[in-house]
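Presented as structure tokens, the chain that follows is alone, the form predicted alone.
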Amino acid sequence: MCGIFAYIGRRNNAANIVLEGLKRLEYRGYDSWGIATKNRGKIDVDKHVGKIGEAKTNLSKSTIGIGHTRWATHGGVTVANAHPHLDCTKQIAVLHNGIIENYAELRKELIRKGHKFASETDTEIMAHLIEENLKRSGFATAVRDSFNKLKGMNAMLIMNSASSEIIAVKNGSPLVIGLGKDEIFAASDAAGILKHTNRVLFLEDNQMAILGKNIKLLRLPRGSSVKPKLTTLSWKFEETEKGKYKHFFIKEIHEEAKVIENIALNGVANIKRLSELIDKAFGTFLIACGSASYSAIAATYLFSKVANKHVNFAIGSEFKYIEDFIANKTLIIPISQSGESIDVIEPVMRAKNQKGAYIAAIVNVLGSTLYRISDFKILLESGPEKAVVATKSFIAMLAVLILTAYTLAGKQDKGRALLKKAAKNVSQILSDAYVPKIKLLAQKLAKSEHIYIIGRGLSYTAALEATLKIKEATYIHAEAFPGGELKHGVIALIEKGTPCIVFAPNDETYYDILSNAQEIKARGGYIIGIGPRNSDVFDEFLETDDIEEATLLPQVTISHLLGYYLSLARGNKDPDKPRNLAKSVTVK
């Protein structure tokens, strides 16, 4: 979940290059940050608590440096616990993304040998292990032998004052190496290095890269040589910048129409192949977490209604408790923006390696772990997403699944036509004529302590997504329910003035959901309707077009805009980085 960055090369402003890289990676964690550079045979460190913001560093000129932005796991948010971490001699600097599962026993062993620890983190273990191993071997061998002792999923960058190289090593957590002209970069993901180069090496698990004038790639545990395989990225650096927008959150919402249209125009061949895989599979299971899990829930409704096909769904972290029936004819469809979520990667690896299941991933990031381990993959092609709150990637997932359902039913042309209509409606919702309605509603809801959201059928997905966006972006307590669940206890929560959002598409759920809205209003609830048809029961109404199953897409765009403007209305100055959250969840 943390962000790590490194530079080695011809320029002597390594500290500033690393700092700028960390700013581009800060969505991965923003509890604290730190940089280490090598200067005249010693390591200089600059560490701080809090977000980077417009921070500057006064580290001396250097051609080599590493940096880290932290999402805290082991140890509180303090300067001492910020990365990089040093050994006893202060000659070795280590930074880390992941969790060392056996750190406690390693720490005890190192303390017995006389090592003194300056932090509460698991990361510092690595610095002292390398220090110990350097007594009998060179730098690269010491790193290799130390990393081989670690349990868990980890990515690390290590610097030694006596060496002109940086070592990158990983198992599980992501790490990307970028090759520029006479310089090399390393980062947690490609978005961090696109400003400098689009030629990258995605480090595989149990690989170690020695970065100097060139790259030397080794396979662990023994350290045998591996030939690097470079990838040229199609993403552009401009896509990782805010441009005219104040926040990435709103910029990425405004890209949703383009994302939907792109899938309608360019996703046909891969989606046809995915529909064939689903049709032939002996059982299909979708696995996802967070917003992506709601797209998987949507798929269960879509495939049933549109294609008369049953598919299963499980939250990634729960899948291991219901995976026993998987066989080599089972199709697993993991869905992930980052392609690095540990709660998705682990069950996919088990299903593939232990059960022989076929993996067909829906993922946004080329070269991510999920992309590489899958047998078949559909790229969302939604571009880099830097706001922690997912928006355009979720819209892309839904668009892919809508088109897949229609393709499976032999109606791909109709599916494409619906997506094009949805893209047009989303553009209208993002217009200067429509957005003020959402801003005004956000002002009315800004002081609410609770918001309840209901939907039925496919729109239950919209309710779940709206709830998550409100919780993430505003810290208001929000809950989503299927409309029919109200009378099973939920309605006890309604008081006079309680805001209730009602997703009411013009489908088979319409009259049932209106009845639920009336039940809430009878108990004093303040009703906000979202759909193609207004009703007397609504106190506020936000209109969408009627686009059959694709009505879900403008519903979701409205919920994204509401989350953003509600966040601003409540005084959140940085909605891109909600408290306690990070973009990529790479720890359990």
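Quick note: we count residues from 1 along the sequence shown, nothing fancier. Since we're looking at a predicted model, the values are computed, not measured.
This next part talks about the form predicted together with a small molecule, which is not shown.
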Task: the small molecule contact at residue 70 in the model of the complex, heavy atom, 4.5 Å - done: yes
Open item on the list: Given that the small molecule is not shown alongside this chain, does residue 437 nevertheless sit within 4.5 Å of it in the model of the complex, heavy atom to heavy atom?
Closed with: no
TODO: Spell out, yes or no, whether the shortest heavy atom distance between residue 474 and the small molecule in the model of the complex is within 4.5 Å.
DONE: no
TODO: Mark residue 183 yes when one of its heavy atoms lies within 4.5 Å of a heavy atom of the small molecule in the model of the complex, and no otherwise.
DONE: no
Open item on the list: in the model of the complex, does every one of 132, 138 and 144 come within 4.5 Å of the small molecule, counting any heavy atom?
Closed with: no
TODO: Let me know the one among 392, 128, 83, 170 whose heavy atoms come within 4.5 Å of the small molecule in the model of the complex, would you?
DONE: 83
Open item on the list: Can you pick out, from 123, 516, 461, 382, the residue that has a heavy atom within 4.5 Å of the small molecule in the model of the complex?
Closed with: 123
Open item on the list: Based on heavy atom distances of 4.5 Å or less, which listed stretch (243-251, 283-291, 115-123, 351-359) is in contact with the small molecule in the model of the complex?
Closed with: 115-123
